[in-house]
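Quick setup: the structure tokens below cover two forms of a single protein chain, split into structure 1 and structure 2.
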Structure 1
Amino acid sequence: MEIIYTDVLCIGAGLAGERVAIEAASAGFETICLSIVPPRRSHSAAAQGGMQASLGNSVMGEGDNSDVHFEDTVKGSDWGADQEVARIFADTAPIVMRELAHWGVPWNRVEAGKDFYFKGGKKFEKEEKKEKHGLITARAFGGTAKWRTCYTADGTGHAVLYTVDNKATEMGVKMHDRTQAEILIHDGVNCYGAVARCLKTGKLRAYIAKATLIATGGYGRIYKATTNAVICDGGGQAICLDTGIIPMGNPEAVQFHPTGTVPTDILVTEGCRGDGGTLLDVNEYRFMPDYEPDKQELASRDVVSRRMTQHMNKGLGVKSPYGDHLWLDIRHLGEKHITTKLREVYDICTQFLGVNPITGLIPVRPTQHYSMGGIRTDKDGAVYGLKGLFAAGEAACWDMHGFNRLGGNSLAETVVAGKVIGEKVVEFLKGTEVKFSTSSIDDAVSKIQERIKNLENGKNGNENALDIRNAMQEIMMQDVGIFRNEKDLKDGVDKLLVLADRAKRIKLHSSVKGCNPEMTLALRVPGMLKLALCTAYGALMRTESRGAHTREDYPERNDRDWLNRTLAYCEEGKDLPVLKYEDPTPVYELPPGHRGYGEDLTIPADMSKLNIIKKPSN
């Protein structure tokens, strides 16, 4: 088998992985990125909206600074975030946006003078200042006090990813694309890299590294309906859970978006509802005012998603070969509005659905969107449990999002965490001598070889990988979706346990020389089930509602008993994950309070027991 030595191994080459790689390569370390797809196809490219950073150049962002950004982030997290991390993030974000400009990102810029903008369907006027002309501008996003989201038209993720990939190429970072990491090499104390499978040839390769990074993005594909790319199947999280000693932080914290389109789950923007779009059921009846007479379609993301699910559960969804859905109606906004202000929506509908939204209804349903949970790290990005292993971006639980992340904060996190954690990786490399243990390399290689052989031979049984994955995705939608309660969650956990047992007996039903796509899937399914179980079981045990985690049977945010972070471990020989809990943050710069939106049902914490500090002086 081919063995490759390197200083740094980045598993994942989206924005977070490449930004760390650039930091390491700039410091003179040999760096290799593994990626399932060519790096520029990474899911980072799909983020259209923008990146939050408190540059405060636009007149609508006047008075903004990292303190305001910090507060928005912690409130958004429903006090689940690590406040030291949120502080590092808010302070560093403006520098990173400027650095990206230096590297070539064509950020949109302030144009001095009068201009119009729309809010809630109404037209307002603003006047940008002369002295700010030509600086990086920002747009409005939900949950923020100021206009703070830096953007490049409707392709921010794409433009930034291409620029960062250019920089990585310039710095000599090596890209090994179509390569999937299958198992970490470790001795229970240190991590020494990973064994990966080539998706062109099906062959295994061992990568031996002094420092290893996981930056493989979210794991939305454990749900049937997700906006995530097809590659977001939690491969990076799964190889960490497989060690038995690395925990997932807050796996139950999952964000849904109300208007994913059917059948391909591509998002249409909240702007549709913001501008006056309505939701209709199978009888083309507008149902939201019955549930939310006050805010109607404009209630927050999680509330609208919940009501839609509730309504479909009453049998009032529209049946389709792709499952039940509802209708989004924007016809009354008119052709001019739809083809200018909502052009992107018009394009998605006509290109992917074959629906003309000027005359037709758009099929939508609530769709999984973002994984706040991930591989738990400390504020330096160092993964709990193994030295020499780091994680960054959506794959990680760093943890600046807590139980709900704000739009524009996740894309910014990739590059900000990438810079911060990249520096820590460099510090680690400079300060440590790493001695590889050959037995841990042999151990990892033989484990994965055996797994592959068993799948080919059907040593353990005759189960079909695809059937198990599909069943898991259905269970996650039904029982671990937006509305959660004890009965469904218990039921879901039980059904997932049965599937996890069946997954031990998967056999391939096809034989292909080289890279068999069925093998690629079969290798993923057991890990996806581990993630599904952590999510479901974490949600079952958390008997409160916080951020995106909504329990019908425990509607209040319970700071008295649940002001903590879940740590979920998959220990060898145990069917259920082992759950432990830790304080969400070592310090409280912003003590728990009301978020300022949604209903306040908080059971307060004993403030005298919290480590409340003043803003650290810079």
Structure 2
Amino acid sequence: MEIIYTDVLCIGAGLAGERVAIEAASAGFETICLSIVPPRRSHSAAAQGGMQASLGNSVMGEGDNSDVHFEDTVKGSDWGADQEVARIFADTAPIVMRELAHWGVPWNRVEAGKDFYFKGGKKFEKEEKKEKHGLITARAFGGTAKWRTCYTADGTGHAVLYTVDNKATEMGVKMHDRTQAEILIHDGVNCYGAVARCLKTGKLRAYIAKATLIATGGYGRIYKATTNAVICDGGGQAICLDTGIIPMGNPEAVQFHPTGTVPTDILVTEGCRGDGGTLLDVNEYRFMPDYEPDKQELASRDVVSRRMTQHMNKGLGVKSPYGDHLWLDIRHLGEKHITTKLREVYDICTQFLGVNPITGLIPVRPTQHYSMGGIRTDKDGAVYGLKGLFAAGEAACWDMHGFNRLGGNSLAETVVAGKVIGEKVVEFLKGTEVKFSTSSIDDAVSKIQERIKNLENGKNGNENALDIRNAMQEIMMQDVGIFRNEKDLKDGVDKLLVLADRAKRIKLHSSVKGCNPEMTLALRVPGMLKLALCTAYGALMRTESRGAHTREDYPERNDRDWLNRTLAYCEEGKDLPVLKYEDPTPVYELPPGHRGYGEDLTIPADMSKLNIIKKPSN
């Protein structure tokens, strides 16, 4: 078996992984990125709308600053965010956006003079200042006090990923694509890299590294209806849970995006609503102002998704062979705007839905989109449980999103966290002498070889990996969706436990050596079930509603009892995850309060017990 040594191993080559790799390579460290797909096909490329940063160049963003961005982020998280991390993020984002411009990202720019914009379907006039002409502009996104989402039409992820990938190539970062990490190499204290499997040949390779990063994105594929690509199966999170000592943070915090298209579940950007698009029901009536008269379609994503679902539950959805949906209307934005600033939306609608959004309505409904939960790290990106292991991006619970993230904050997080955590990786490498444990390497290799052998021989049973995965996805949609309750969650947990037992008896039904998608899935399914159980069980035990976690039987946000973060461990020999809890943030720069949506049902915390930073008076 081939053994490869490097200073830094980045598992994942999307924006977060490549940005950390660039930081390490810039400091002179040898760096390798592993990727299931060629790096430019990473799921980061699918992000459309933009990246939040308080540049304040647009006239609609005047007065914006990192304090306003910080407050929007904390309120959006429903006070579940680590406020130290949210502050680091808000302060660093403007620096990183300008850095990306320097690297070549073709941001949309301010055009001086009068122009029009739409809000709630109505046309308004604005005038951009001459002195701001040519600077990075911004668009509106949900849950923000100012326009601050920097964008490149509606292909922001694509443009930024190509630019960052070029920079990584320039810095000499090595890319090993079509490679899947299967198990971490560790001794219970230190992480030494990972054993990976070549998806072309099926052969194993051991990557030995002084520092290892997990940046594999989200795990939306534990749900049936998701905007996530097929590669977003939680592989990085699963190999961490497999250690038994690394926790998932807030796994119950799952975001549904309001505008997944029907029936494809392909996302159309929040930029549609940010640019003035509206949501209509079966009668083509605009309903959001009835629920949220202030923010309307630009309330936070969790709020809009709940309101859409409530409206469809009243019988006001559009019937279709694929279930009820609502309409997204962007016709009034005009052909020029749609074919320039929303050109990917135009292509998606015409090519996948058979709808021309210039003249027709877009069928949409809330669809699983983002995992606020992830591998728990501290503010430096260091993973709980193993020294030398870091995580960044959607794979991590860093934790600036808490229980709901704002649109545009996650794409920005990939590069902001990539820069911040990359610097911490460099500090670790400069300040730590790493001695590799050969017994740990042998142990990891033996474990994954045994798993593969058992799948090939089927000595434990005859279960089909695809059947088990499909059943899991149905359970998650039915029992762990937008609205949750004790009965459904208990049923979901019980059914997932049955599937987890069946997964111990998976057998390959193909005999292909080398490139074998069935083997790839069979190795992934047990880990996906662990993630599903962490999500469902964490949701069952959290008896409150906070952000995207909505309990019908516990509608209050309970700061008295639940102002905390879930830590879910998958310990060996235990069927259910072990749940522990920690304070969501060491300091409260912004004390808990009302988010501003609907009725305030908060059960307040004892403020005297919170570490609240008192700002100096002017």
Partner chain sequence: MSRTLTFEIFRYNPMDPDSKPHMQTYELDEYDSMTLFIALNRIREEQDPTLQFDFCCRAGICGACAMVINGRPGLACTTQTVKLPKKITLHPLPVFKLIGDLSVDTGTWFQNVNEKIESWIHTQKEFDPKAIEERMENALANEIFELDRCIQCGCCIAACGTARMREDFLGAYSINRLARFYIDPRDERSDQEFYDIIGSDQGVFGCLGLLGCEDVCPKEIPLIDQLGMMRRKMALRSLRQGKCS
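C-alpha atoms forming the largest set that superposes within 1.5 Å between two forms make up the rigid core. The first residue in the sequence of structure 1 is number 1, and each one after it adds one. Given the structure is predicted, the values throughout are model-derived calculations rather than measurements.
Structure 1 or 2: which one is the form predicted on its own?
Only structure 2 fits here, because that chain is the form predicted on its own.
Taking the rigid core as the reference frame, tell me whether residue 314 has a CA displacement of 2 angstroms or more between structure 1 and structure 2.
Yes.
C-alpha of residue 285: shift of 2 angstroms or more between structure 1 and structure 2, rigid core aligned?
For residue 285, whose C-alpha is compared between structure 1 and structure 2 after core superposition, the shift is 2 Å or more.
Enter the domain rotation angle in ° for the smaller rigid part relative to the larger one between structure 1 and structure 2.
Here the smaller part turns by 26 degrees.
How much does the C-alpha of residue 344 move between structure 1 and structure 2, in Å, when the core is lined up?
For residue 344, the alpha-carbon shift amounts to 4.8 Å.
Given the rigid core as reference frame, how large is the C-alpha shift of residue 366 between structure 1 and structure 2? Answer in angstrom.
Comparing the two forms, residue 366 shifts 2.8 Å at C-alpha.
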